[in-house]
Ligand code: GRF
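Consider the single chain below, provided in structure tokens and representing the form predicted alone.
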């Protein structure tokens, strides 16, 4: 596989690929995915992790009977070691749950090269712009500031850069003259909740190759 990417195995409805969903906030994308998975798919969410114990989205996982926990930053660890220690804790939870594919869904932490290398090809992200335009944490603000007339969302494999991995799918959303960040974000979320499950279907059934 090129550049160190190793894609997950092809799953079936009888033997679905085991997903972990990583969140930071309310988990609207997680909720949409869990609704989608109520019909048997070639993937199944077995673990929900948040980077804080009070993330609202954890309730979506718990409501579906899925192990859903917060793994906060270990503040007792020296600051220089805190990030890697946190990722080691996250990785241990993934391994313990026999996770095969990690789905970032509003997860607001930038992952280290160490973590990316462990999961490269089995680590997906959705970003609220048409990459390579407007990477980073403020995509909607940046799109509006640039006067963009079209934006959207991008599903991509995660590499060692920021929002720079191979693009798997994109969907466009019109930017309206009256849009503010909130209104644009809500319309982009609607298409995110369509395109992400579709990509998961394709990658988990072996239809995506690099």
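Numbering follows the first chain given and starts at 1. Worth saying up front: this structure is predicted, and the values here are computed from it rather than measured.
Omitted from view is the form predicted in complex with the named molecule, to which the following refers.
- For the candidate set 111, 126, 101, 94, a heavy atom within 4.5 Å of the named molecule in the predicted bound form is found for exactly one residue, namely 126.
- With the partner left out here, the named molecule still marks one of 113-121, 126-134, 83-91, 70-78 in the predicted bound form; by a 4.5 Å heavy atom cut-off that stretch is 126-134.
- With a 4.5 Å cutoff on heavy atoms, residue 59 does not count as touching the named molecule in the predicted bound form; it lies far away.
- Contact annotation for residue 27: at least one heavy atom lies within 4.5 Å of the named molecule in the predicted bound form.
- In the predicted bound form, at least one heavy atom of residue 189 sits within 4.5 Å of a heavy atom of the named molecule.
- Within 4.5 angstroms of the named molecule in the predicted bound form, the stretch 91-106 places a non-hydrogen atom from each of 105, 106, taken in sequence order.
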